[in-house]
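Below you'll find only one chain, the form predicted on its own, shown as structure tokens.
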Amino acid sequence: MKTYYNPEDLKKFGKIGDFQKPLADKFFDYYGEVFKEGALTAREKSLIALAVAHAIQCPYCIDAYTTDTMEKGCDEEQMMEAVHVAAAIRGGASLVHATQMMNKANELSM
């Protein structure tokens, strides 16, 4: 099946430095620090990353963090629950902006 996203391109992520190595190095250093164990476990961070990947709709990230969460012991139910959390937040963020529309509609109706 042809798609806009080639799953094989995920393997090339490390090559983003080919066109701008100093910035890529800074990004990868930061990325590595973010995913180290801290107040959150690596497993918790992976579930968050999976949820965010769905919220921003990045197929590469979805592939990577589906694999990562499973390698860290998450099951399908936990993964889907994380995705539902992302969907609820994303949906709520759209709905809360309805207040802008309601304010404007009320203003125009006066």
Partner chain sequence: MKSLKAQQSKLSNSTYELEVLEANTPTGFEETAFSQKLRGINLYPLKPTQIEILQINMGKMCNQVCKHCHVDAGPDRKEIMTQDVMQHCLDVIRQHDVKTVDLTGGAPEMNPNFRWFVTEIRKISQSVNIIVRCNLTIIVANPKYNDLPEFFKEHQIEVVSSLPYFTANKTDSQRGDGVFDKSIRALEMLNAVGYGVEGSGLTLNLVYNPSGAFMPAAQDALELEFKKRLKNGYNLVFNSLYTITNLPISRFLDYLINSGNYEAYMEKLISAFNPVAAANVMCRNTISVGWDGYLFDCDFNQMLDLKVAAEGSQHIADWNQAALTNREIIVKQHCYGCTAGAGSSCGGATS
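Positions refer to the first chain, counted from 1. Keep in mind the model is a prediction, meaning the values are calculated, not measured.
Only in words, not in the display: the form predicted in complex with the partner chain, which the text now covers.
- Among heavy atoms of residue 11, some come within 4.5 Å of the partner chain in the model of the complex.
- Contact check for residue 76: a non-hydrogen atom falls within 4.5 Å of the partner chain in the model of the complex.
- The partner chain in the model of the complex comes within 4.5 Å of no heavy atom belonging to residue 33.
- Heavy atoms of residue 56 never reach within 4.5 Å of the partner chain in the model of the complex, leaving it off the interface.
- With the partner omitted from this view, the residue of 40, 52, 85, 70 that lies near the partner chain in the model of the complex is 70 [heavy atom within 4.5 Å].
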